[in-house]
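In structure tokens, the next block holds one chain alone, the form predicted alone.
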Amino acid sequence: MLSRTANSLFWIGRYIERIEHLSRYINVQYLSSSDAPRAFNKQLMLESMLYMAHAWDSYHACNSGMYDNHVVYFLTIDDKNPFSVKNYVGLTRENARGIRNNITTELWESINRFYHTTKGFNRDSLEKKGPYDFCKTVMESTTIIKGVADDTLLHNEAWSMIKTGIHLERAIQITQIILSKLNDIKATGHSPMSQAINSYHWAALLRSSGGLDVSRNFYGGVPPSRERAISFLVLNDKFPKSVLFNLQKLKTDLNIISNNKPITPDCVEFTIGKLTAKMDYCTLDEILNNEEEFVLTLQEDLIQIGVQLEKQYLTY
């Protein structure tokens, strides 16, 4: 496989996963803020959305105030924002178009349809209806695209390269969502209603990752808490969105891509194996001692894996 083909497949996976998590986070934050305790203000919700999208500086560079319709538009369909969902969809389509002969017609059509559906949304409809319709359409479309890729591609190096992008980006996005909610909790920690707000934030954290219902089932209906939410999203090896689950899948995908070549200390497979082993034997207490620092370090390790992977397989 040519490196440029592998690069496009890898970034299709990453962009699709980034789009899904950003859309879900926007949707959850916007809708659930109306049910939050009174001490939770809309300003915090908007700041959290920008923080999660790494778009704080770029938003304030072109906007003078924090208004919900402005922030939602900026993060969803603003052509001038390189971090908007719409621009990520465009990048996904460009990568797919560049390797049209290496993917199936069904996969290309699902990505192309997604692109044109996204273009159909405009600022007026977004401001009148809010982000729900847009985010729901985006989340459904990304699920369809991943399903089409699984069902129509040969499960060879090309498929594994897409899955590598998906699993790496998913782990990074989960750490970013956790950091965003920890930041929210810190901002409201001195409120007299802090216990109620904390409970709200842990439920919103799990909902933002698509894990609220399964976590409730896993813990026997017990309400979300700091310990259960962090453990479920970081260490649960059965939950498809957890960091540990995706590290284990990364190992499998890269074994296929490398054709099981010998692992040496300077290769990305070694780095992933080392981090996976560390997380396999990590305890919840180790995380909770300083969860923000732990998750930030974990995110930096995942980002470095992406850099190393690109140097090893995708440079051309």
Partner chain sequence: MIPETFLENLLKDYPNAPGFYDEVFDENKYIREHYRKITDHLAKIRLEDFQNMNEYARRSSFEQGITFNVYSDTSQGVERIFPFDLLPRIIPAKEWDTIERGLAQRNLALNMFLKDIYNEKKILKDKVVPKELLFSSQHYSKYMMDFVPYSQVYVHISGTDLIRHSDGEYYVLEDNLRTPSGISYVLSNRISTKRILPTLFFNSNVQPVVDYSESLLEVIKSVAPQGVDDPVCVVLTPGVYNSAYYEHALLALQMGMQLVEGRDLYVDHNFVYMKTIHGPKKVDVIYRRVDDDYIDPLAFRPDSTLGVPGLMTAYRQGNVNLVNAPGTGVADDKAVYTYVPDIIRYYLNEEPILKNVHTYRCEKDNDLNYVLEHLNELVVKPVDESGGYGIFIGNKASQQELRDFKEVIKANRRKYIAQPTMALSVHATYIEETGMFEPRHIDLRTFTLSGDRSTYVCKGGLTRVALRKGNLIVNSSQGGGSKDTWVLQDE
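This is a predicted model, so every value here is computed, not measured. Residue numbers count along the first chain shown, from 1.
Another form exists, predicted together with the partner chain; not displayed. Remarks below refer to it.
Peer 1: Spell it out for me: taking the partner chain in the predicted bound form, does every residue among Leu2, Asn112 and Ile257 have a heavy atom no farther than 4.5 Å from it?
Peer 2: Yes.
Peer 1: Would you classify Asn102 as touching the partner chain in the predicted bound form, given a 4.5 Å non-hydrogen atom cut-off?
Peer 2: Contact with the partner chain, yes.
Peer 1: Can you work out whether Arg97 and the partner chain are in contact in the predicted bound form, taking contact to mean some heavy atom pair no more than 4.5 Å apart?
Peer 2: Close contact exists here: in the predicted bound form, Arg97 approaches the partner chain to within 4.5 Å, heavy atoms only.
Peer 1: Decide whether Asp133 counts as a contact residue for the partner chain in the predicted bound form under a heavy atom distance cut-off of 4.5 Å.
Peer 2: Because no heavy atom of Asp133 falls inside 4.5 Å of the partner chain in the predicted bound form, the answer is no.
Peer 1: In the predicted bound form, does Glu157 have a heavy atom within 4.5 Å of the partner chain?
Peer 2: Yes, contact at 4.5 Å.
Peer 1: Out of 166 to 174, 233 to 241, 104 to 112, 180 to 188, where are the residues with a heavy atom within 4.5 Å of the partner chain in the predicted bound form?
Peer 2: The contacting stretch here is 104 to 112.
Peer 1: Counting non-hydrogen atoms within 4.5 angstroms of the partner chain in the predicted bound form, say which of Arg93, Lys146, Arg207, Arg228 makes the cut.
Peer 2: When the partner chain is considered in the predicted bound form, the option within 4.5 Å is Arg93.
Peer 1: With the partner chain taken in the predicted bound form, which residues across 230 to 246 come within 4.5 angstroms through any non-hydrogen atom?
Peer 2: Going through 230 to 246 in order - heavy atoms within 4.5 Å of the partner chain in the predicted bound form - there are no hits.
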